[in-house]
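This document opens with one chain alone, in C-alpha coordinates, the form predicted on its own.
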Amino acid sequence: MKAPRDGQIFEAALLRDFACALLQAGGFTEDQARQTADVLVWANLRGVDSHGVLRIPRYIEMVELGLINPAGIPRDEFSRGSIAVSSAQRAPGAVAMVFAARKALSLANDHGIGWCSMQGISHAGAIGYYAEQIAKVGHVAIVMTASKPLMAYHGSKVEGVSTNPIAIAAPTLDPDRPLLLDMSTASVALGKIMAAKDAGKSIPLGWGVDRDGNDTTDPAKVAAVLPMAGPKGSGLSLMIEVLTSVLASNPLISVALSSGSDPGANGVAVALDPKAFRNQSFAADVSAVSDAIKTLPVAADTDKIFLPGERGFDEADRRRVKGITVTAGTLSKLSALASTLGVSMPGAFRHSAG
(Lines give C-alpha, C1' and ligand atoms only; values in the text may rest on other atoms or scores of the structure.)
Protein backbone atom coordinates (compact mmCIF):
# COMPACT_ATOMS: atom_id res chain seq x y z
CA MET A 1 0.00 0.00 0.00
CA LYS A 2 1.36 3.42 -0.93
CA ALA A 3 0.69 6.09 1.68
CA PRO A 4 -1.28 9.10 0.44
CA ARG A 5 0.83 12.24 0.18
CA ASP A 6 -0.82 13.89 3.18
CA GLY A 7 -1.47 10.77 5.23
CA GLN A 8 -4.73 9.19 6.26
CA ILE A 9 -7.31 9.62 8.98
CA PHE A 10 -8.29 6.59 11.05
CA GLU A 11 -10.92 5.97 13.65
CA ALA A 12 -9.32 5.50 17.07
CA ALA A 13 -10.58 1.94 17.56
CA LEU A 14 -9.32 0.91 14.12
CA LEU A 15 -5.90 2.45 14.73
CA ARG A 16 -5.71 0.76 18.14
CA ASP A 17 -6.52 -2.63 16.62
CA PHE A 18 -3.90 -2.11 13.91
CA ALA A 19 -1.28 -1.05 16.46
CA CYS A 20 -2.07 -4.08 18.59
CA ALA A 21 -1.76 -6.42 15.58
CA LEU A 22 1.61 -4.96 14.57
CA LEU A 23 3.02 -5.20 18.09
CA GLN A 24 1.82 -8.74 18.55
CA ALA A 25 3.24 -9.81 15.19
CA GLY A 26 6.49 -8.10 16.21
CA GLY A 27 6.92 -10.23 19.32
CA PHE A 28 4.72 -8.69 22.03
CA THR A 29 2.28 -10.95 23.83
CA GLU A 30 -1.39 -10.23 23.24
CA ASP A 31 -1.76 -8.48 26.62
CA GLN A 32 1.46 -6.49 26.17
CA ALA A 33 0.36 -5.41 22.70
CA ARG A 34 -3.06 -4.31 23.97
CA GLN A 35 -1.66 -2.28 26.86
CA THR A 36 0.97 -0.65 24.66
CA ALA A 37 -1.52 0.14 21.89
CA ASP A 38 -3.81 1.77 24.46
CA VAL A 39 -1.02 4.12 25.56
CA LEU A 40 0.08 4.95 22.00
CA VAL A 41 -3.39 5.74 20.69
CA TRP A 42 -4.19 7.71 23.87
CA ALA A 43 -1.33 9.99 22.85
CA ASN A 44 -2.53 10.19 19.23
CA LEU A 45 -6.01 11.10 20.39
CA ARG A 46 -4.64 13.98 22.44
CA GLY A 47 -2.62 15.31 19.52
CA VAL A 48 0.70 14.11 20.97
CA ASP A 49 1.61 12.21 17.81
CA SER A 50 5.28 12.19 18.84
CA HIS A 51 4.34 9.52 21.40
CA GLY A 52 1.79 7.69 19.28
CA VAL A 53 1.90 4.91 16.72
CA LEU A 54 5.04 6.30 15.05
CA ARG A 55 6.88 4.58 17.92
CA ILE A 56 5.84 1.08 16.81
CA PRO A 57 8.71 0.34 14.40
CA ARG A 58 11.25 1.26 17.08
CA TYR A 59 9.46 -0.83 19.71
CA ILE A 60 9.60 -3.88 17.46
CA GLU A 61 13.24 -3.16 16.68
CA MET A 62 13.87 -3.07 20.43
CA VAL A 63 12.43 -6.57 20.71
CA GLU A 64 14.81 -7.74 17.98
CA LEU A 65 17.77 -6.10 19.76
CA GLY A 66 16.84 -7.59 23.12
CA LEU A 67 16.07 -4.18 24.64
CA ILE A 68 12.46 -5.24 25.22
CA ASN A 69 11.85 -8.67 26.69
CA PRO A 70 8.40 -10.05 25.78
CA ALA A 71 8.93 -12.75 28.42
CA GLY A 72 9.50 -10.09 31.09
CA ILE A 73 6.87 -9.85 33.80
CA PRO A 74 7.02 -6.88 36.22
CA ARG A 75 7.40 -8.06 39.79
CA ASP A 76 7.94 -6.65 43.28
CA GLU A 77 11.50 -6.87 44.57
CA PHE A 78 10.89 -5.54 48.07
CA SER A 79 8.66 -3.12 49.95
CA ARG A 80 8.56 -1.20 53.20
CA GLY A 81 5.37 0.48 54.32
CA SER A 82 4.12 2.71 51.52
CA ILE A 83 7.21 2.19 49.33
CA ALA A 84 7.76 -0.59 46.81
CA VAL A 85 10.69 -1.23 44.51
CA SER A 86 9.80 -3.36 41.52
CA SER A 87 11.61 -4.77 38.51
CA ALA A 88 10.21 -4.59 34.98
CA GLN A 89 12.44 -7.39 33.70
CA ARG A 90 12.70 -5.29 30.49
CA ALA A 91 9.02 -5.82 29.78
CA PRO A 92 7.43 -3.25 27.45
CA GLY A 93 7.39 0.15 29.12
CA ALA A 94 3.61 0.52 29.07
CA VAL A 95 3.17 -2.80 30.83
CA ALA A 96 5.74 -1.87 33.47
CA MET A 97 4.26 1.55 34.20
CA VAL A 98 0.68 0.28 34.33
CA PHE A 99 1.94 -2.18 36.96
CA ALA A 100 3.67 0.68 38.83
CA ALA A 101 0.56 2.88 38.80
CA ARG A 102 -1.61 0.07 40.11
CA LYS A 103 0.94 -0.75 42.80
CA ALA A 104 1.09 2.89 43.88
CA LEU A 105 -2.70 3.01 44.10
CA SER A 106 -2.82 -0.16 46.17
CA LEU A 107 -0.23 1.22 48.60
CA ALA A 108 -2.03 4.58 48.79
CA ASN A 109 -5.26 2.82 49.69
CA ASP A 110 -3.46 1.18 52.61
CA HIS A 111 -1.15 3.99 53.72
CA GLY A 112 -2.49 7.23 52.23
CA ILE A 113 0.54 7.43 49.94
CA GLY A 114 2.04 4.89 47.57
CA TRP A 115 5.42 5.11 45.88
CA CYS A 116 6.48 2.47 43.36
CA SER A 117 9.97 2.64 41.88
CA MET A 118 10.14 0.52 38.74
CA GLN A 119 13.59 -0.56 37.62
CA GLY A 120 14.54 -1.67 34.12
CA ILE A 121 11.68 -0.37 32.00
CA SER A 122 11.75 0.38 28.29
CA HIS A 123 10.24 3.47 26.64
CA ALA A 124 6.93 4.06 28.41
CA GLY A 125 5.25 6.46 25.97
CA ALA A 126 3.23 9.45 27.17
CA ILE A 127 3.44 9.23 30.97
CA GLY A 128 0.37 11.39 31.39
CA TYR A 129 -1.58 8.22 30.61
CA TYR A 130 -0.53 6.62 33.90
CA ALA A 131 -1.08 9.80 35.90
CA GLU A 132 -4.59 10.07 34.45
CA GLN A 133 -5.41 6.51 35.52
CA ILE A 134 -4.50 7.38 39.11
CA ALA A 135 -6.39 10.69 39.08
CA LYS A 136 -9.54 9.10 37.66
CA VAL A 137 -10.01 7.17 40.90
CA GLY A 138 -9.71 10.32 43.01
CA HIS A 139 -6.01 10.30 43.90
CA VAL A 140 -3.22 12.76 43.13
CA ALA A 141 -0.57 11.31 40.82
CA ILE A 142 3.10 12.00 40.19
CA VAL A 143 4.77 9.95 37.47
CA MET A 144 8.36 10.26 36.24
CA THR A 145 10.66 8.29 33.98
CA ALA A 146 14.41 8.46 33.41
CA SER A 147 16.72 7.11 30.71
CA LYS A 148 20.17 7.38 29.14
CA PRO A 149 21.62 10.77 28.12
CA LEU A 150 19.64 12.33 25.26
CA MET A 151 19.77 16.02 26.15
CA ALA A 152 22.58 18.50 26.50
CA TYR A 153 23.20 19.63 30.07
CA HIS A 154 23.06 23.43 30.22
CA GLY A 155 26.51 24.76 29.40
CA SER A 156 27.58 21.59 27.59
CA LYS A 157 27.42 20.89 23.86
CA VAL A 158 26.88 17.12 24.20
CA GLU A 159 24.31 14.81 25.77
CA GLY A 160 24.65 14.75 29.56
CA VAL A 161 21.17 14.10 30.95
CA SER A 162 17.93 12.74 29.54
CA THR A 163 14.68 14.38 28.53
CA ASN A 164 13.17 12.89 31.71
CA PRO A 165 9.44 13.67 31.72
CA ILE A 166 7.20 14.35 34.70
CA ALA A 167 3.40 14.18 34.90
CA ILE A 168 1.25 15.45 37.77
CA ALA A 169 -2.50 14.92 37.86
CA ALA A 170 -5.25 15.89 40.29
CA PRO A 171 -8.93 14.89 40.21
CA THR A 172 -11.69 17.43 39.60
CA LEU A 173 -15.47 17.23 39.80
CA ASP A 174 -15.37 15.85 36.27
CA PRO A 175 -13.78 12.40 36.71
CA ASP A 176 -12.92 12.26 33.00
CA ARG A 177 -11.03 15.56 33.04
CA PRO A 178 -8.47 15.81 35.83
CA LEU A 179 -5.89 18.55 35.87
CA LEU A 180 -3.08 16.86 33.98
CA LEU A 181 0.38 18.35 33.58
CA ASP A 182 2.57 16.18 31.33
CA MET A 183 5.88 17.71 30.32
CA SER A 184 9.37 16.86 29.19
CA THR A 185 12.37 18.57 30.74
CA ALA A 186 13.62 19.24 27.21
CA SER A 187 12.69 22.22 25.09
CA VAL A 188 10.72 19.68 23.06
CA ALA A 189 10.03 15.96 23.28
CA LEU A 190 12.43 13.89 21.20
CA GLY A 191 9.39 12.32 19.55
CA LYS A 192 8.46 15.69 18.05
CA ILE A 193 11.79 15.77 16.29
CA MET A 194 11.09 12.23 15.06
CA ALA A 195 7.64 13.37 13.89
CA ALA A 196 9.15 16.34 12.01
CA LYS A 197 11.61 14.01 10.33
CA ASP A 198 8.77 11.67 9.32
CA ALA A 199 6.78 14.60 7.95
CA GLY A 200 9.76 16.06 6.09
CA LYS A 201 9.53 19.33 8.02
CA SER A 202 12.17 21.55 9.57
CA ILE A 203 12.25 22.27 13.31
CA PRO A 204 12.55 25.61 15.11
CA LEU A 205 15.87 26.85 16.40
CA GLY A 206 16.28 26.00 20.07
CA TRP A 207 15.05 22.42 19.80
CA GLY A 208 18.36 20.65 19.25
CA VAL A 209 22.01 20.85 18.33
CA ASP A 210 24.12 18.92 15.83
CA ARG A 211 27.22 16.86 16.62
CA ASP A 212 29.32 20.04 16.80
CA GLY A 213 26.97 21.63 19.33
CA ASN A 214 25.47 24.06 16.83
CA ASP A 215 21.75 24.86 16.77
CA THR A 216 20.02 23.21 13.81
CA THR A 217 16.66 23.28 12.04
CA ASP A 218 17.24 19.91 10.36
CA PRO A 219 15.69 17.11 12.46
CA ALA A 220 18.01 14.57 10.80
CA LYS A 221 21.06 16.41 12.15
CA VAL A 222 19.97 16.61 15.80
CA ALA A 223 22.58 14.94 18.01
CA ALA A 224 21.16 16.23 21.30
CA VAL A 225 17.98 18.04 22.28
CA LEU A 226 18.21 21.19 24.36
CA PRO A 227 16.82 21.58 27.89
CA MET A 228 13.67 23.52 28.64
CA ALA A 229 14.52 26.96 30.05
CA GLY A 230 18.24 26.24 30.07
CA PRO A 231 19.55 25.42 33.56
CA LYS A 232 16.03 24.87 34.89
CA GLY A 233 15.29 22.06 32.47
CA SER A 234 18.63 20.30 32.84
CA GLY A 235 18.53 20.74 36.63
CA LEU A 236 15.03 19.27 36.84
CA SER A 237 16.08 16.36 34.64
CA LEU A 238 19.04 15.64 36.91
CA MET A 239 16.82 15.64 40.01
CA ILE A 240 14.36 13.26 38.32
CA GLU A 241 17.33 10.96 37.70
CA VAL A 242 18.12 11.17 41.44
CA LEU A 243 14.53 10.36 42.48
CA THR A 244 13.82 7.76 39.81
CA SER A 245 17.15 5.99 39.42
CA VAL A 246 19.73 6.79 42.10
CA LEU A 247 17.22 6.47 44.96
CA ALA A 248 16.17 3.05 43.64
CA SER A 249 19.80 1.85 43.47
CA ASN A 250 19.76 1.73 39.67
CA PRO A 251 21.66 4.84 38.46
CA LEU A 252 21.61 5.51 34.74
CA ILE A 253 23.38 8.75 33.87
CA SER A 254 26.62 8.09 35.77
CA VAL A 255 26.81 4.58 34.33
CA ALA A 256 26.14 5.76 30.77
CA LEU A 257 28.62 8.65 30.92
CA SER A 258 31.40 6.55 32.45
CA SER A 259 30.96 3.43 30.32
CA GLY A 260 29.28 4.64 27.16
CA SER A 261 26.67 1.90 27.53
CA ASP A 262 22.89 2.10 27.53
CA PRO A 263 21.79 1.15 31.08
CA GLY A 264 18.08 1.13 30.22
CA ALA A 265 15.39 3.18 31.93
CA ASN A 266 13.48 3.51 35.19
CA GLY A 267 10.11 4.85 36.27
CA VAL A 268 8.29 6.07 39.36
CA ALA A 269 4.56 6.21 40.05
CA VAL A 270 3.27 7.99 43.16
CA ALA A 271 -0.33 8.09 44.35
CA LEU A 272 -1.67 10.32 47.13
CA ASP A 273 -5.08 9.81 48.73
CA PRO A 274 -6.56 13.24 49.60
CA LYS A 275 -8.53 11.62 52.43
CA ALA A 276 -5.25 10.91 54.18
CA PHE A 277 -4.96 14.70 54.50
CA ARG A 278 -8.48 14.79 56.01
CA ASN A 279 -9.66 16.51 52.83
CA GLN A 280 -13.14 15.33 51.91
CA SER A 281 -13.72 17.97 49.22
CA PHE A 282 -10.45 17.82 47.30
CA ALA A 283 -11.92 17.36 43.81
CA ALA A 284 -14.31 20.26 44.39
CA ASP A 285 -11.47 22.43 45.68
CA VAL A 286 -9.36 21.63 42.60
CA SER A 287 -12.32 22.52 40.39
CA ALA A 288 -12.74 25.80 42.29
CA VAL A 289 -9.15 26.88 41.73
CA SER A 290 -9.43 25.77 38.09
CA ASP A 291 -12.55 27.92 37.65
CA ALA A 292 -10.76 30.87 39.24
CA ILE A 293 -7.88 30.58 36.76
CA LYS A 294 -10.29 30.24 33.82
CA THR A 295 -12.02 33.52 34.73
CA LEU A 296 -8.82 35.59 34.68
CA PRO A 297 -8.78 38.35 32.05
CA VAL A 298 -7.14 37.05 28.88
CA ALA A 299 -4.10 38.69 27.35
CA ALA A 300 -4.46 40.68 24.13
CA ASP A 301 -3.04 37.89 21.96
CA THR A 302 -4.93 35.07 23.71
CA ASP A 303 -8.39 33.72 22.93
CA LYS A 304 -8.73 31.33 25.84
CA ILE A 305 -6.96 30.32 29.03
CA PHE A 306 -6.13 26.61 29.11
CA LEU A 307 -5.61 24.50 32.20
CA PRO A 308 -3.01 21.72 32.32
CA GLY A 309 -4.22 18.92 30.04
CA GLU A 310 -7.23 20.82 28.72
CA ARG A 311 -5.95 21.12 25.16
CA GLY A 312 -5.37 17.37 25.11
CA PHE A 313 -8.86 16.58 26.36
CA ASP A 314 -10.40 18.96 23.82
CA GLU A 315 -8.37 17.44 20.99
CA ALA A 316 -9.28 13.91 22.08
CA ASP A 317 -12.97 14.84 21.94
CA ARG A 318 -12.45 16.17 18.43
CA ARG A 319 -10.43 13.23 17.18
CA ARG A 320 -12.87 10.68 18.54
CA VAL A 321 -15.38 12.19 16.12
CA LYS A 322 -13.21 13.24 13.18
CA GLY A 323 -10.50 10.58 13.44
CA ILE A 324 -6.74 10.51 13.99
CA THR A 325 -4.41 11.71 11.25
CA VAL A 326 -1.39 9.49 10.61
CA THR A 327 1.15 11.42 8.54
CA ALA A 328 2.38 10.01 5.25
CA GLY A 329 5.89 9.42 6.61
CA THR A 330 4.65 7.44 9.61
CA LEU A 331 2.05 5.61 7.54
CA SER A 332 4.69 4.58 5.02
CA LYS A 333 6.81 3.05 7.79
CA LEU A 334 3.84 1.26 9.34
CA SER A 335 2.77 -0.01 5.92
CA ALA A 336 6.24 -1.43 5.23
CA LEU A 337 6.30 -3.02 8.67
CA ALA A 338 2.85 -4.52 8.16
CA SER A 339 3.98 -6.03 4.87
CA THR A 340 7.05 -7.55 6.52
CA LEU A 341 5.07 -8.96 9.42
CA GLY A 342 2.10 -10.14 7.38
CA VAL A 343 -0.38 -7.78 9.04
CA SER A 344 -3.26 -6.42 7.00
CA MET A 345 -3.43 -2.66 6.66
CA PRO A 346 -6.72 -1.17 7.86
CA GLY A 347 -9.01 -0.81 4.88
CA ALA A 348 -11.66 1.41 6.45
CA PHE A 349 -10.68 5.02 7.06
CA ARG A 350 -12.64 8.20 6.99
CA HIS A 351 -10.86 10.10 4.22
CA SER A 352 -7.47 11.32 3.10
CA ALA A 353 -5.97 14.01 5.29
CA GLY A 354 -5.48 17.44 3.92
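All of these numbers come straight from a predicted model, not from anything done at the bench. Start at 1 and count along the sequence shown; that's the residue number. What we label the rigid core is the largest C-alpha set whose atoms superpose within 1.5 Å from one form to the other.
Not on display, but discussed next: the form predicted in complex with a further copy of the same chain.
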One residue of 110, 262, 218, 76 in contact with a further copy of the same chain, assessed in the predicted complex (non-hydrogen atom, 4.5 angstroms): 110
199, 223, 183, 137 - the one with a heavy atom within 4.5 Å of a further copy of the same chain in the predicted complex: 183
Heavy atom of each of 117, 155 and 274 within 4.5 Å of a further copy of the same chain in the predicted complex: yes
Contact stretch among 324-332, 292-300, 24-32, 43-51 - heavy atom within 4.5 Å of a further copy of the same chain in the predicted complex: 292-300
Exercise: residue 204 in contact with a further copy of the same chain in the predicted complex, heavy atom 4.5 Å: no
Residue 191: touches a further copy of the same chain in the predicted complex, heavy atom cutoff 4.5 angstroms: no
Contact test in the predicted complex: residue 312 vs a further copy of the same chain, heavy atoms, 4.5 Å: no
4.5 Å heavy atom contact, residue 247 and a further copy of the same chain in the predicted complex: yes
Any residue of 156-170 that, in the predicted complex, places a heavy atom within 4.5 Å of a further copy of the same chain: 156, 157, 158, 159, 160, 161, 168, 169, 170
Threshold 2 Å Cα movement between the shown form and the other one at residue 174, rigid core reference: no
C-alpha of residue 211 moved at least 2 Å between the shown form and the other one on rigid core: yes
Residue shift check between the shown form and the other one, rigid core fit, residue 187 Cα at least 2 Å: yes
